[in-house]
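For reference, the chain that follows is the form predicted on its own, supplied as structure tokens.
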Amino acid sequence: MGVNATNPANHNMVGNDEKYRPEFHFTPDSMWMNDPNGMVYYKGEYHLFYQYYPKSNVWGPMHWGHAVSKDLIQWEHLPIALYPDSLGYIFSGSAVIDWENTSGFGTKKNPPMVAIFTYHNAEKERLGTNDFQTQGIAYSLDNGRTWKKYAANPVIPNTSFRDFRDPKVIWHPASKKWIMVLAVKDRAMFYASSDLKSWKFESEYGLKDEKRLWECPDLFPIKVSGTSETKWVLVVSMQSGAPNGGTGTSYFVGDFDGHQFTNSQPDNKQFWLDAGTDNYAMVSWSDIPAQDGRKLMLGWMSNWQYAQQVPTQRWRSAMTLPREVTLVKTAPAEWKLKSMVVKEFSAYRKNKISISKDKMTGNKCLLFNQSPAICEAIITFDRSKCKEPFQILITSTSSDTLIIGYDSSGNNYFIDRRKAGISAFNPLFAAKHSTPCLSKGNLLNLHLMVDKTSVELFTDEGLTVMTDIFFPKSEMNKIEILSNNLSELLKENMVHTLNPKK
């Protein structure tokens, strides 16, 4: 199968927008997709479930779509996993392997894959009640290919909260219990269970005077790089207030004892996994083998400000590239996550092009010149010699121009998509996004993943990430560096062309 292998049975809408479909980012074959769900690893397969509406390219009654991969890059589409029923739509959630068969749904020899999700009852919502979101479970005994819903759903009813959703479940070895974290309006609530069926409320965590809606939480332990210390990360996606507007994925670092989460950083400090506008609902894979040991995450590559209006027709939305996150201590009472594209991606590198001085003409340097613009670029430069913004221009034959760069006057990175193509579909789309530079030294390294209509920028050794999408009128086909004193500025630089099939 190819990177985005299609299911011929789903060819139910014909559009002329395949020029926007990325090569290396997961997309649905057709129709609407949003949050990644139920990401779990089992028997050599990475499972990706996702919010899916198979009858339209805008949001509707939610299902769980399903795909699997051997390497996190090439995906095979599978049939829809979970359909709405009399209890409601199937909203976001998670999945685990119940290795000890605590649920009784399988056996220890054939442990069940258990999905935990939110039921959303649209009719009850219309009537104005507060019990329209509840938590349900389903299980599979054949590697996620077919599913059976638990007969006694919902496992957590609800009479008090209009926003009560997106369960993330993990096994907590110290307490020998399953822990669920739920997004409940403006906070996270924690529940515990011994069998995935009966749940007890434990505690909650929130911010003082919080007014934003919390969604898609995640909770996991992670070792601090270079130490024996373990901290806990609570991930929460916010429906507003992200660094560059709209929706975004944030996180807190602290401790969790099986009962309560406490923030280890002063003033309940909150950080963001991505400073761009297009990484929402980012969550981690469950059950990654201990011998692998990585914490792997994936996000929805869009923003609720304009997600339903972007100029694609046959399909809507893509996922970010899968990322490995690590935790580092950056101050006496401060920990931050670093992110980088998973190592598996390097297998798709085709040709390596080193950037030499003969590619420089005045203040310009040609990095890439072919259509479409799909490549991995690693650019290192000396910011102490910058007298004007250091810019990387991605352009098309229609003069669409996306600019990525560093501005020494404000010591920040930026992505400017104001002239990068079609933007009239939403007044908030055409904008320049920026974030502070966190590096201390003069050498800055910009690691760019360009995939036709998206860019993911990794810099500050992974402490800073920016993800933005764009829609050029014609295919982007050229990447250039523009700045003063290029021959003095540029250090080690290279571009990898990419092959969609290994």
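Residue positions are given as counts along the sequence shown, with the first one as 1. Please read these numbers as outputs of a predicted model, since none were measured by experiment.
There is also a form predicted together with a small molecule; it is not shown, and the following applies to it.
*Asks:* Quick check: do M62, Y280 and W304 each get a heavy atom within 4.5 Å of the small molecule in the predicted bound form?
*Replies:* Checked in the predicted bound form: all three residues contact the small molecule.
*Asks:* Pick from N57, T464, S454, Q51: which has a non-hydrogen atom within 4.5 Å of the small molecule in the predicted bound form?
*Replies:* It is Q51 that has a heavy atom within 4.5 Å of the partner.
*Asks:* Check each of R165, R314, H77, R417 and return the one that places a heavy atom within 4.5 angstroms of the small molecule in the predicted bound form.
*Replies:* Of the candidates R165, R314, H77, R417, R165 is the one lying within 4.5 Å of the small molecule in the predicted bound form.
*Asks:* For the chain shown here without its partner, which stretch in 208-216, 101-109, 314-322, 134-142 has non-hydrogen atoms within 4.5 angstroms of the small molecule in the predicted bound form?
*Replies:* That would be 208-216.
*Asks:* May I ask you to state whether F252 is within 4.5 Å of the small molecule in the predicted bound form, using heavy atom distances?
*Replies:* No.
*Asks:* Does the small molecule come within 4.5 Å of any heavy atom of S92 in the predicted bound form?
*Replies:* Judged by the heavy-atom cut-off of 4.5 Å, S92 is in contact with the small molecule in the predicted bound form.
*Asks:* Check whether D35 has any heavy atom within 4.5 Å of a heavy atom of the small molecule in the predicted bound form, and answer yes or no.
*Replies:* Output for D35 is yes: heavy atoms within 4.5 Å of the small molecule.
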